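Okay, so here's just one chain, in structure tokens, the form predicted alone.
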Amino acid sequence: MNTRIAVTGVVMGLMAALGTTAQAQQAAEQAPAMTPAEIETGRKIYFERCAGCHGVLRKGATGKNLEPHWTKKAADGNVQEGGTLKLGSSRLAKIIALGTEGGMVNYDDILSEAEIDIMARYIQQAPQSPPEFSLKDMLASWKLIVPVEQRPTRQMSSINLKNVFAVTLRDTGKLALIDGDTKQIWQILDTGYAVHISRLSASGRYVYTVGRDGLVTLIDLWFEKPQTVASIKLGADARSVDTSKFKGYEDKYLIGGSYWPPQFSIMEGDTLKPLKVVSTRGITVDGEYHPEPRVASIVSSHIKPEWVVNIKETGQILLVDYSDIRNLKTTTIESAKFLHDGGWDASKRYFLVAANASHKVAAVDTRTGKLAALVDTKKIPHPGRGANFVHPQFGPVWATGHLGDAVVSLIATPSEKREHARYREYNWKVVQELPMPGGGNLFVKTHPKSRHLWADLPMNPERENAEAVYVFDLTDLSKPAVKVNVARDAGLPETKALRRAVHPEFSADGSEVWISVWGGKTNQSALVVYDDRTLQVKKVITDPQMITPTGKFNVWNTQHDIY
């Protein structure tokens, strides 16, 4: 039997089982040939590398819509050659390899030529829906490894827990806990694949991680050597967790948000026992139904027993009241698509979140439970948590970088302090744009004790930018940023793969900045520690187990939302 006909039959059978549309069926019939092994390779790569921006169903969000009818039409304009639809594989392969100026990273140093060819053909096939994941499924996945009564009643080590760093080792599915005082690796633990964030309990005792395979792990820092004491699956893909922080609820609850299925789940904070699952499928701010509204980010309010839950595709911000889990109350606030990461202003009253595909930042007043502002920014803001400082001319500001533009935007934020009253006219305005050498910024960071603002560019296609960070002097923002070549300072061997400098993170006292040198899976990587005052290297932390380090989360700063 002709291979193309056989593969098309397999795809058509899958589509029929999933109840796909006639349009999708037609697209599958015209898709380029793939073997079952190639389809499985494409599925794995898409999940690991692409779904975060383009969606499990490929409907797009931060990234473009990649449904078959669009990928082929966009690639080759439906040009007919010899009576057969000209496929988009060649052009799609170039885009995957070289990236785009809009913020998509180049994959020519991450994927092989054969893998790029597979992906160019894979995204022309009909997308498949993963299975749903219920409370019953969560309960079946739940592992209580060390019950609460068998855990220490006090800290058993002499480690300064405030200055411990939780470091994601992305491609190994592990987390390194590093003593920030001695710069020694304290413990390396198995976690979910590509941990997106680590969060701290209100007490600072527990570290929670969530990976792109939907696995949440609960790590107890009070043991002599930290141990994973519980784990649970939220679904097939997840990005966000946070704890209950309001007085009287410390360490009581954990909330986790899924990319697939689109829902959030509430668990016991010290055991991860699942308590409730809430779907986020629904209507967008434009009034359209969306089948895949993913939970992009979650933060815990400091002034109410509430979580701020940001739904990517709908542009809806949910204030979830956890004072009564059984009779859950939720306030829905309309903002803009597509919501992503964000952070608190300096007062911890306002939460600012990037609606990155709308090129806006939404600000929520958690005291009144209403939208405070929608601020227009440059293309594709991506703040991480953002950065807070007092601008010498405009007063308190919160900063965000951009994936799609070469600036860091400073947004003036309200303050109830008497000495800041003169700055009120600037509230919720972009008051300054600090020039960067290109787009591709993921994180900006400062500290109340620092006079610097650090900005990375790991998604920039140019090696000289991706391997460096740029440091602004907060006492004189008219000066150009100082370029710090982190990859060179790491002293690692040159490789074909970019050694991306990513995610500046301050020590608890604000004196040091830690930056990951994110190399390839087969290359040595490192953390480079800088003196924030002098911008000079203090220490390079490397180890054979230090593979693809990305995000780093200082216990004290993460526990108290200091950025």
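From 1 onward, residues are counted along the sequence shown. A quick note: this is a predicted structure, and the numbers were derived from the prediction, not measured.
Beyond the structure shown, there is the form predicted together with a small molecule, which is absent from this document and is the topic of what follows.
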| property | result |
| --- | --- |
| Residue (of Val309, Ala387, Ile197, Ala490) lying close to the small molecule in the predicted bound form, criterion heavy atoms within 4.5 Å | Ile197 |
| The small molecule: the contacting residue among Ile380, Ala363, Leu442, Ala466 in the predicted bound form [heavy atom, 4.5 Å] | Leu442 |
| Interface stretch in the predicted bound form with the small molecule - options 266-274, 237-245, 420-428, 154-162, non-hydrogen atom within 4.5 Å | 237-245 |
| 4.5 Å heavy atom contact, Ala296 to the small molecule in the predicted bound form | yes |
| Residue contact check: Asp341 to the small molecule in the predicted bound form, 4.5 Å heavy atom | yes |
| Distance check, Ser301 to the small molecule in the predicted bound form, heavy atom within 4.5 Å | no |
| 4.5 Å heavy atom contact, Thr168 and the small molecule in the predicted bound form | yes |
